[in-house]
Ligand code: GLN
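Quick heads-up: it's one chain on its own, the form predicted on its own, in structure tokens.
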């Protein structure tokens, strides 16, 4: 870790909102609710609650049988475990064997009482929804900060948070050790904003001190001295991940530097990303991912949720699922983010 990035001791920490100025933050929050939040979230919740018609359900059951079958069906191996595609898929690079239970996909939502800013809980809803659309059973586990983090999950999701909750979350995750052990076991971890910083080596907390992270990503975060990173983001994803352009929004003061042990998740076309001025956004290593994008990011980018599910299943492809609602939201937000 290089000390050249620190210099003068910052007056306050991350990224989140914390001490940035309650009036300015309140104005931004109000504007955000008008532009991004309530209407879109209600639309998603309404669709999420609707049960598919019988015909769609029967088709999903058929797809599930065809795609996953039982262990006696050699067809499953031919479809998912046969010849490698010409382009390397994420799960091949990760070299990961499936840990998923036979009955359900285990999705762990970490510390919703501390880290759930800007509707990041929506990421858990989207992963759950996208899995069920493929006929998969899902067991979602919401782990509060006074509970132990289970080590047997398949996908772990961590959201953003304000400065003090971020410090508390980091302390408890370090003391608990469950998330680190899960990562060592090959679990998939996807983190947003404050959660992203916690996965790194260190960040600056609400007391202006360097706070140790979990060291799951080779990144470290300092307080930015310039303008806060706020607004819409469009970013081109690392080609190795084979994902479409990301859309989301950012709101952080932190500047996250990437070490040699990670690759950028994406390169920004609109927005600030990691705040380093080099165009990088987020970070990625093996099955551990970090990003600054809210939205929630998986509602705007369902292909990210599908990627995590494929990694959990250790497959190259998933049966198709309806993306009508997501496509409409993506088109709306991408158009809004692009310069006039």
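Numbering follows the first chain given and starts at 1. The model shown is predicted, which means the values in this text are computed figures rather than measured ones.
The form predicted in complex with this ligand exists for this protein as well; it is not shown, and the discussion that follows is about that form.
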If we take this ligand as it sits in the predicted bound form and superpose the C-alphas round its site onto this chain, is the site open or blocked, where blocked means 3 or more ligand atoms come within 2.4 Å of a backbone or C-beta atom? blocked
Hey, in the predicted bound form, is residue 190 touching this ligand, heavy atoms inside 4.5 Å? no
State yes or no: in the predicted bound form, is some non-hydrogen atom of residue 153 no more than 4.5 angstroms from a non-hydrogen atom of this ligand? no
Is residue 122 part of the interface with this ligand in the predicted bound form - any heavy atom within 4.5 Å? no
My question is simply whether residue 128 lines the interface with this ligand in the predicted bound form - judged by any non-hydrogen atom within 4.5 Å. no
133, 145, 251, 238 - the one with a heavy atom within 4.5 Å of this ligand in the predicted bound form: 251
Tell me which stretch of 114 to 122, 136 to 144, 168 to 176, 209 to 217 has a heavy atom within 4.5 angstroms of this ligand in the predicted bound form. 114 to 122
Taking this ligand in the predicted bound form and a 4.5 Å non-hydrogen atom cutoff, the residues of 156 to 189 making contact are 160, 161, 162, 163, 166
